[in-house]
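For reference, the chain that follows is the form predicted on its own, supplied as C-alpha cells.
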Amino acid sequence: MNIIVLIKQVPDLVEELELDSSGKDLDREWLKYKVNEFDDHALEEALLLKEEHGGTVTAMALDGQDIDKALYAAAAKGADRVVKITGLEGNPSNHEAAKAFANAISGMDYQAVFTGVQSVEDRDGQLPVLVAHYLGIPHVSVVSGVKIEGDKAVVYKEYGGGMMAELEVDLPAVLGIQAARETPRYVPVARVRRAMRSTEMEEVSAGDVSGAAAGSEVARMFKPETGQGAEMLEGSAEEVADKIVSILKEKGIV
C-alpha cells in the first residue's frame, strides 16, 4: 500500500496577522507557519494504514516558507520519502497547486493520495477533488477513517448533522481527510534533526500548470472591525429582563 500525502504550511493563527500593501494578501514577511491541521491528520491516517498493511508513505509539498522542516518532521514520524515540488512562485491557488501535485504524482507508483480536507487559508477548499480531477481517479472528501479491502477502500464520510456514511471506493483514489482515527503523533525536535541528517529531500518540478488558474480572485481583504464590547446588565432577574426588553425595543427588534 503506497500512499502519497500532500501537506502544506499555513499561517499560525495565534500570531497577529497584518495585511500587505496591496490589501489582497497577508504580510508574510514575519509570519510563523505550521503544518495545516487537516494535513497532519492525513499523514497520521496514512501512517496507521502503513503499520497495518505495509507499504510506503511519501510526504509531498510545494516549495515554500519552512516547508523543509515540515517534510523532515513527516519523515521523523514515519514517512519513507519526502518530495518537494519546485517552480511555483508566490502563493499559488488550489487549482495551480493541484495541477502541480498531479504532474509530480503521475509518474509515481501509488494506491492512494491523502490530503487535508481544507486549510485555514483556502478560498474554496477544493484541493482534494482538483487533484483527483487532474489524475483522473475517484475522490471522497470529509473522511474520518479508512479501511483497505483488497483493491478497494472503505471510507467513512461525514455529512451535515453528524450523519456518517460508509462508502466503498476503487483504488487508486484521492481522499480528503478530516480526522484520523487517532490523534496525530507527536515527534520531538531531536528526532526531526536526525531525520534532517538521514533523509534525502527529493525535488521535482511543478511542470506546466497553465490553464489551472482559479475562477475567482481576491479583490480586497479587511481586518475584522472591533466592536464596542459587551454590556453587562446588573440587578435582579426582573430588572435584567426589563433592561433586555428595553434594549430590544431601542434596536427595533420588538
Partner chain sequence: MKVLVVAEHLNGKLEDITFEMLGKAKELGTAEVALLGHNAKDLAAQLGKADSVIYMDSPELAEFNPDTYSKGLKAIVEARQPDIVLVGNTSMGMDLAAALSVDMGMPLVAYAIDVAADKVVSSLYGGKMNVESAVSTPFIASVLAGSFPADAGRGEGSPAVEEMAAPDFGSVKVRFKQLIEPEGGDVDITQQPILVSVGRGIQSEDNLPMAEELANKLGGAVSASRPIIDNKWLPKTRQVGKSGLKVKPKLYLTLGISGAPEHIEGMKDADLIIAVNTDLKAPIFDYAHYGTTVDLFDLVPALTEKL
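No experiment lies behind these values; they were computed from the predicted model shown. Positions refer to the first chain, counted from 1. Throughout, rigid core stands for the largest set of C-alpha atoms superposing within 1.5 Å between the two forms.
What comes next is about the form predicted together with its partner chain, which does not appear here.
Student: Just to be sure I understand the contacts: of K32, K223, H53, R193, which is the one whose heavy atoms reach within 4.5 angstroms of its partner chain in the model of the complex?
Tutor: Selected option: K223.
Student: Contact between R185 and its partner chain in the model of the complex at 4.5 Å, heavy atoms?
Tutor: Outside the cut-off, so no.
Student: Tell me, yes or no, whether H133 is in contact with its partner chain in the model of the complex, where a contact means a heavy atom of each within 4.5 Å.
Tutor: Yes - in the model of the complex, heavy atoms of H133 and its partner chain come within 4.5 Å of each other.
Student: Consider S144 of the chain shown here, and say whether it contacts its partner chain in the model of the complex, taking contact as heavy atoms within 4.5 Å.
Tutor: The answer is yes: S144 has a heavy atom within 4.5 Å of its partner chain.
Student: Considering non-hydrogen atoms and a 4.5 Å limit, does its partner chain approach E37 in the model of the complex?
Tutor: Heavy-atom contact with its partner chain at 4.5 Å: present for E37.
Student: Can you tell me which of 82 to 90, 69 to 77, 172 to 180, 103 to 111 lies within 4.5 Å of its partner chain in the model of the complex, counting heavy atoms only?
Tutor: It is 172 to 180 that comes within 4.5 Å of the partner.
Student: If you look in the model of the complex, which residues in 49 to 63 sit within 4.5 Å of its partner chain (heavy atoms)?
Tutor: The stretch does not touch the partner at all.
Student: Once both forms sit on the same rigid core, is the C-alpha displacement of V245 at or above 2 Å between this form and the one not shown?
Tutor: Yes, its C-alpha moves 2 Å or more.
Student: Once the core is aligned, please say if the CA of S22 is shifted by at least 2 angstroms between this form and the one not shown.
Tutor: It does not, since the S22 C-alpha is displaced less than 2 Å between this form and the one not shown after the core fit.
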